[in-house]
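So this first bit is one chain, no partners, the form predicted on its own, shown in C-alpha cells.
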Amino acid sequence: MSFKKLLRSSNTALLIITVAVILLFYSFNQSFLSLENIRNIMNSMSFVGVLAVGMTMLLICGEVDLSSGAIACFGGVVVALLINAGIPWVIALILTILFGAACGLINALLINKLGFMNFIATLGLMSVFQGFVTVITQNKNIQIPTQSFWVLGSTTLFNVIPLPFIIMLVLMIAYSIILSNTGFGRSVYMCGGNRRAARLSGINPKRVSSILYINNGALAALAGAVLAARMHTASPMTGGSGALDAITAAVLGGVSFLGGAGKMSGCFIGILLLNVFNAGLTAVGFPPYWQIVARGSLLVLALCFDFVGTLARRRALERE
C-alpha cells in the first residue's frame, strides 16, 4: 500500500485521532499513561471488545442486537450461581456460554421466524433479561469465592497485559479470519450489502443471521463471565450500556450500521478510541453524568460519519 493510500485509509485516520486523544489527555494528567492506567484501559476494552466482536458480525450482516449487554449481565449471574452451587468453574463457564447462545436463539426466533423487527425484538428482550437478573439476584451482588475462577479475570502476562484482553484479541483475530477467508464470511457481507442478491446467489440470509444472533449471545455471556471473574462478583447492574458501547466502537471503526461494510481491525481501533476517551474523561475529572452525555455524543458522531460513508459508497457504485 502506498503512503498516500495509507493516509486515506479510515483505519489510519482513526488511529491518528486515537493517538491525538491519548496525547491530549496525557497533557492534562501525566498519570494517564501510567502502567496501572494502561492495564485498566485494557481491562475495560476486554469487556466491550468481546461484545463488539459479535456485534460487528451482526452489523456487517445488516442486523443489530440491543440485548447483548443484558445477556452479558445475565451470563455473569449464571456463572456465579453455578459455581456457588458446587459446579467446577470450567463446566460452569461452558454452561454459561451455552445459556448465552440460547438467549441469542430466542432473538433469532423472534426476528427470523415471527418476523419482528430486530430493533424492537432485541430491545424487548433486553428488558426481559435484565428483569430476570433483578428478580434472581434481588438486586444484590453475588460473591464468587472460588479463587481458581478468579484467574480467568485477574491473570496478567508479563505483569502488563491482562488475560481478558488476550481473550479479546484471540477472538478478534479468529473472527477476522472467518470474515476474510471463509465462505461464511463472504455470506455475511453479501447479506448485509444486498439481501436479495444474496438470496439469488443461493445464500439463506435468515440462516446466516440466526447463526450470528446465537454467536452474539454466546460471546456476550462469555464477556459477562470473564468480567465476573475479574470483579470476583456478579452484579445485576453490570453491562447496562454494553450493547451501545459495542455499537459505538464498531461504527467508530468503520463498520456500517446499515450492513455490508467493515473489518474487525477497524472495530479494534474503535474500541481503543472509545475506552481511551472514557478513561481520559475520568482522568481529567470530567463529571460522571456529563461523561454519559459525551459518550452519547460520540455515538451520534460515529453514526453521522457512517451515514456520510454509506452515501459515498452508493455514489461510487452508481458511477460504476
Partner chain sequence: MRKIIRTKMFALFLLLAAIVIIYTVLSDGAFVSPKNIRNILQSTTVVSLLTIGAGTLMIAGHIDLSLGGIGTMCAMLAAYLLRVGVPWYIALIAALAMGGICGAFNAILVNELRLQSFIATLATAAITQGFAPIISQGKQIDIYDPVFKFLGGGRFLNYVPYSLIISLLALLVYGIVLKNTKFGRGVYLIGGNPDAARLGGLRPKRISYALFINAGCLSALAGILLAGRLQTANTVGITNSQFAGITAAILGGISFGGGTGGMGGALIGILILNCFNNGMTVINVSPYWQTIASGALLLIALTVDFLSARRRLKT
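Residue numbers count along the first chain shown, from 1. Here the structure is a predicted model, which means the values were calculated and not measured.
One more form of this protein should be noted, the form predicted in complex with its partner chain, which is absent from this view; the next part is about it.
Q: If contact means any heavy atom within 4.5 Å, which of 128 to 136, 96 to 104, 229 to 237, 81 to 89 contacts its partner chain in the predicted bound form?
A: Among the candidates, contact is made by 128 to 136.
Q: Taking its partner chain as it sits in the predicted bound form, is Met117 in contact with it (heavy atom to heavy atom, 4.5 Å or less)?
A: The answer is yes: Met117 has a heavy atom within 4.5 Å of its partner chain.
Q: Spell out, yes or no, whether the shortest heavy atom distance between Phe257 and its partner chain in the predicted bound form is within 4.5 Å.
A: Result yes; Phe257 sits at the interface with its partner chain in the predicted bound form.
Q: Contact between Leu123 and its partner chain in the predicted bound form at 4.5 Å, heavy atoms?
A: Close contact exists here: in the predicted bound form, Leu123 approaches its partner chain to within 4.5 Å, heavy atoms only.
Q: Leu14 near its partner chain in the predicted bound form, any heavy atom under 4.5 Å?
A: Because no heavy atom of Leu14 falls inside 4.5 Å of its partner chain in the predicted bound form, the answer is no.
Q: From the list Leu66, Cys61, Met45, Leu273, which entry has a heavy atom within 4.5 Å of its partner chain in the predicted bound form?
A: Of Leu66, Cys61, Met45, Leu273, the residue with a heavy atom within 4.5 Å of its partner chain in the predicted bound form is Leu66.
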